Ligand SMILES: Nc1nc2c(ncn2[C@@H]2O[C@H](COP(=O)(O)OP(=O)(O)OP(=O)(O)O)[C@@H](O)[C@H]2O)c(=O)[nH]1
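Read the single chain below, which is given as structure tokens and is the form predicted on its own.
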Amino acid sequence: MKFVVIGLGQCGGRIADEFAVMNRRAQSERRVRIITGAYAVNTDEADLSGLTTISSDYQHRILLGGRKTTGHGVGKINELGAEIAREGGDKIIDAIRATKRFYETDAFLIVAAAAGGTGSGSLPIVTQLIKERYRDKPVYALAVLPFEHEVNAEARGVYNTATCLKSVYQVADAIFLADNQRYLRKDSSLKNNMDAINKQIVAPFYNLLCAGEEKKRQYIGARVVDAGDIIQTLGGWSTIGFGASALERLKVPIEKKRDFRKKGAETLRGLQAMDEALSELSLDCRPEDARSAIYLLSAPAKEMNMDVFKEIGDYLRELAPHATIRSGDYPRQRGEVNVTLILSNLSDVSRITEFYYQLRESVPMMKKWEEEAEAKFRALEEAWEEVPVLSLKGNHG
């Protein structure tokens, strides 16, 4: 499957940059292309300058709102971010039109932080704009949820997140949710944390996108997961995870090729990888709330058999009894068995419900603060009403 990736705001731009890195890796390691175009869109010039892999020309690093922000961002005001995206949307469409391999694209992925200003405001606007222009291709959103300390400290962050999620849900074909808090490592520096989180958000897409683009016969699975399978699976709130289990050489006689211990170990490694994929999902959710799911098993060809597939499939069926489950294999990995898992069409996401309830509580509080501040300004104006004002013209009265 091939994506056009568009990153909005600082967070979205950096994640789009990671997708560009992943595409280079796919071309180098597997001779396949999985990203037909990677773009970063921002109202802050410095954020665009900090990217490493996306082409530095103005068609790939797109600066919007220069007149309104002078290249310094929107200061977390997502209404302004939405307004600028509406006014500058043609720049994004023009850049997409110039994509050399656009005709190969299967879908769009629009990435942004839900709590920011530029990304939060522009995510639903850009998603809707692209859907209207390219009706034959799905448009997916990847919304990054804020850290807990951001939610607790900033009422504006809660407001941005809730309004962004509600708006993008109405226009996107599916929304991947990535909760920053699940990736947090408290003993790492801020920069290292952010870089590592961005890599972890992107990494699960690697095998999933590569599997359907393979050209070499020995790496094509018996059940290929391609764009059609993924498109039919994705819808509504979605989450993605990745798990791996290292292969270990069993000390059994060479002639006993069908030794029961080896057979049991093969199945166990597959189940361990699935368990890790479930625990590393980008969002804390209940699998039983999923209405669709897809998993990709990747390992050396000799480590995959029907028993492993059956055990993993039965396990997932127990966890997600209401889901339509699709699956495939990808005989590519060395030294490990890994599983990529997507749960989609989630009917209940407690993290999102929390934002809506928090917004309901915080809006009256924000209005109260604004009224109190306005009252203080009025009192101050009344207090200095009789004080003379100095000016260039002088006061000769």
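Start at 1 with the first residue shown and count on from there. Note that this is a predicted model, so its numbers are computed, not measured.
The same protein has a further form, the form predicted in complex with this ligand, not shown here; the description that follows concerns it.
Visitor: Taking heavy atoms and a 4.5 Å cut-off, does residue 158 contact this ligand in the predicted complex?
Guide: No - in the predicted complex, heavy atoms of residue 158 and this ligand never come within 4.5 Å of each other.
Visitor: Whether residue 20 contacts this ligand in the predicted complex should be assessed with a 4.5 Å heavy atom distance threshold; does it?
Guide: Residue-level check for residue 20: no, no contact with this ligand.
Visitor: Taking 4.5 angstroms as the cut-off for heavy atoms, does residue 203 touch this ligand in the predicted complex?
Guide: Heavy-atom contact with this ligand at 4.5 Å: absent for residue 203.
Visitor: Looking at the partner-bound form in the predicted complex, is residue 224 within 4.5 Å of this ligand by any heavy atom?
Guide: Residue 224: no, not in contact with this ligand in the predicted complex.
Visitor: Can you pick out, from 167, 245, 198, 207, the residue that has a heavy atom within 4.5 Å of this ligand in the predicted complex?
Guide: Only one option qualifies, and that one is 198.
Visitor: Only one of 230, 92, 274, 74 has a non-hydrogen atom within 4.5 angstroms of this ligand in the predicted complex; which is it?
Guide: The option sitting close enough to the partner is 74.
Visitor: At 4.5 angstroms, heavy atoms only, are 3, 110 and 130 all close to this ligand in the predicted complex?
Guide: Negative, none of the three is within 4.5 Å.
Visitor: If contact means any heavy atom within 4.5 Å, which of 352-360, 24-32, 40-48, 339-347 contacts this ligand in the predicted complex?
Guide: That would be 40-48.
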